[in-house]
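Starting off, we have a lone chain in the form predicted alone, written out as C-alpha cells.
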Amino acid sequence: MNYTPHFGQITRYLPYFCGGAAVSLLLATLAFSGGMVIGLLGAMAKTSGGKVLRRFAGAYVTFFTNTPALVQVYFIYFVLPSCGIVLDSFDAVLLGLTLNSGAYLTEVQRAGFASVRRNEVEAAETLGMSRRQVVWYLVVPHIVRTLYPPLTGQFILITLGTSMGAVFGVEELTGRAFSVNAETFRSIEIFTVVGAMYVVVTILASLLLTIAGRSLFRARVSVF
C-alpha cells in the first residue's frame, strides 16, 4: 500500500468541519428536546392513562424501538411526499430522530414515574395540586435528578445518530466529511479528523451535561 497521509491538505477544511459539528449538535439538541416532551406524554399515558392511551403509547414505543432510525427517516423523507407531506432533508432527519428518541425516552421517563413514592404524590394532591402540577413540580424534577445519567447517555447517542443525516444530504459533520472526501479523495485523513472531532464533541457535551446536572438538578452524575 503506497499511500502517504498528508493531513496538511485538509487543515483548510477544519472551519467547515466545525460548522458541521455545530449542525450535528443543533440536530441532537432539537431532537432530544422534542423527544423529552414526547417521552413525558408517553410515560404519562403508560402509567396513568386509559386503556386506549396505554395501548397507543405501547404500540408507538414498540414500533420505534424495534425498527432502525435510518428506516424511519427513509419513510418520512421518501414516503410521506406521496401523501402530500414534503419535508426537506434537515426537517425529515430531525423528525425521525425526535420520534425515535421519544420512544426510548418514554421508557426512561416511565421508570422515573414508577420511582416516585406514592406518599409524595398523595401529599401533593392533599395540598390541592392538580395532576399537571404534580407532574411538573414533583415528577419531572424527580425524573431529572434520578435518571440524569441515562438521559445524558441518550443525548450522546442522538448526537452520534445525527451522522445518518449525511445519507439525506444534510450538511452535518459526516455529511461535510463526505463532501470533502469527494473533492480531495483523502479518506484516511478526513475520517481520522472527523472521528476525533466526534470524540471531542461528545466529551464536551458530557462535561457540560454533567455540570448542568450537578448545579441545576443536584443529580448524582460522574464526568465519565
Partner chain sequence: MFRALQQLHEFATSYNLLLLLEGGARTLVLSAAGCVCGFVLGFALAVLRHTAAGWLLPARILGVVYVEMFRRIPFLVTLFLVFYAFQALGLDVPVFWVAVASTCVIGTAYLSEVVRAGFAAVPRAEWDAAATMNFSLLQTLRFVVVPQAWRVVVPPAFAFFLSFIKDSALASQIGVVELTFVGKIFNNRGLMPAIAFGSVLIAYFVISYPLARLGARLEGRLALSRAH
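Positions refer to the first chain, counted from 1. Bear in mind that the values here come from a model prediction, so they are computed numbers and not experimental data.
The form predicted together with the partner chain is left out here; the points below concern that form.
**Q** Tell me the stretch among 76 to 84, 91 to 99, 108 to 116, 127 to 135 that has any heavy atom within 4.5 angstroms of the partner chain in the predicted bound form.
**A** It is the stretch 76 to 84.
**Q** Do Phe191 and the partner chain share at least one heavy atom pair within 4.5 Å in the predicted bound form?
**A** Yes, Phe191 is a contact residue.
**Q** Would Ile203 count as touching the partner chain in the predicted bound form under a 4.5 Å heavy atom rule?
**A** The answer is yes: Ile203 has a heavy atom within 4.5 Å of the partner chain.
**Q** Does the 4.5 Å heavy atom contact test between Thr29 and the partner chain in the predicted bound form come out positive?
**A** So Thr29 does not count as contacting the partner chain.
**Q** Check whether Val199 has any heavy atom within 4.5 Å of a heavy atom of the partner chain in the predicted bound form, and answer yes or no.
**A** Yes, Val199 lies within 4.5 Å of the partner chain in the predicted bound form.
**Q** Just to confirm, with a 4.5 Å cut-off on non-hydrogen atoms, which of Thr184, Thr65, Ser33, Ser48 contacts the partner chain in the predicted bound form?
**A** Here the answer is residue option Thr65.
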